[in-house]
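One chain comes next, on its own, written as structure tokens: the form predicted on its own.
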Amino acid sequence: MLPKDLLSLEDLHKEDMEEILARARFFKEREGKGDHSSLKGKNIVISFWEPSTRTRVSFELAARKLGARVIDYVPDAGSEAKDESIEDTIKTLTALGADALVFRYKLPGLLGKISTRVEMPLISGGEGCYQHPTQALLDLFTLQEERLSLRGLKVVMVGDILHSRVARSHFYALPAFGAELILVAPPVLLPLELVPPGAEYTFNLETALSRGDVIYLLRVQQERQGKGLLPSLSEYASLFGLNEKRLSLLKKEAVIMHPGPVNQGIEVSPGAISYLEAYQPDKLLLQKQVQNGVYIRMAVLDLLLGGRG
């Protein structure tokens, strides 16, 4: 049985993830074949303390597709919320009739502490550098949709590993299904204590590209680079960006993923994107990831709030 909240994939068994993936598949197959109403009468509050487009909008679409009412609660961007004030806000929302809170917050762990003191389900849309569980789930779903066997699949994950909540979620999601992780980044963005058991790592992108069945490009999170860890973005792009020359190193069947938004010219060159769109569009799974996010989030909301019928 799924836990009350979805804050981390550490809290889910493989069977739980499979249940979410199966429910997402059901919703996608039923698209356009009638309305779903499992959340009719429910009030879903969406509150993001950090900016987002893809995740916030897809959660809103997911809730509406299930018949729920959506309340967009915009916190005061000028205030640094403390533990007690956020808990009080959540309790107030519950008293006003909220049935679930979908949130994004810049500090990890805070909502996890609060979740034990409130009855309303809390669903993470991304927490600081902690985790982004629905992103990892939609990535698994997308790979399954491509009819790729996850067992033995080699996923080369490139980029800002240090600050990536997507990477941390995949440290659990991909190995749970038998996939193998190869992490690639400059040393400053890939501290060895962060490498999970069973994963490989390298500081040389070109040696890893030819091994990957999936090339997963992570966004360089400039907003979290408070210490100026990278000498320059142009140097990063030259050493770790996917460009036209490096495309020749990829396996013929390799696919490319990115959690978005893409920093063109940093994680991938405009020329590489243009070439792939023109000649190998099946390699790019970025738009499929965005589309599948709605079905995964429908599945999460349905299972946590609507039951298992």
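From 1 onward, residues are counted along the sequence shown. Note that the coordinates shown come from a computational prediction; the quantities given were computed from them, not determined experimentally.
Another form exists, predicted in complex with phosphoric acid mono(formamide)ester (CP); not displayed. Remarks below refer to it.
Using a 4.5 angstroms limit between non-hydrogen atoms, Q264 is distant from phosphoric acid mono(formamide)ester (CP) in the model of the complex. Heavy atoms of G271 never reach within 4.5 Å of phosphoric acid mono(formamide)ester (CP) in the model of the complex, leaving it off the interface. Among residues of the shown chain, T53 is one whose heavy atoms approach phosphoric acid mono(formamide)ester (CP) to within 4.5 Å in the model of the complex. The shortest heavy atom separation between H132 and phosphoric acid mono(formamide)ester (CP) in the model of the complex is within 4.5 Å. Only one segment in the set 26-34, 275-283, 39-47, 255-263 has residues whose heavy atoms sit within 4.5 Å of phosphoric acid mono(formamide)ester (CP) in the model of the complex; it is 255-263.
Taking phosphoric acid mono(formamide)ester (CP) as it sits in the model of the complex, the stretch 94-109 comes within 4.5 angstroms of it through a non-hydrogen atom at just one residue, R104.
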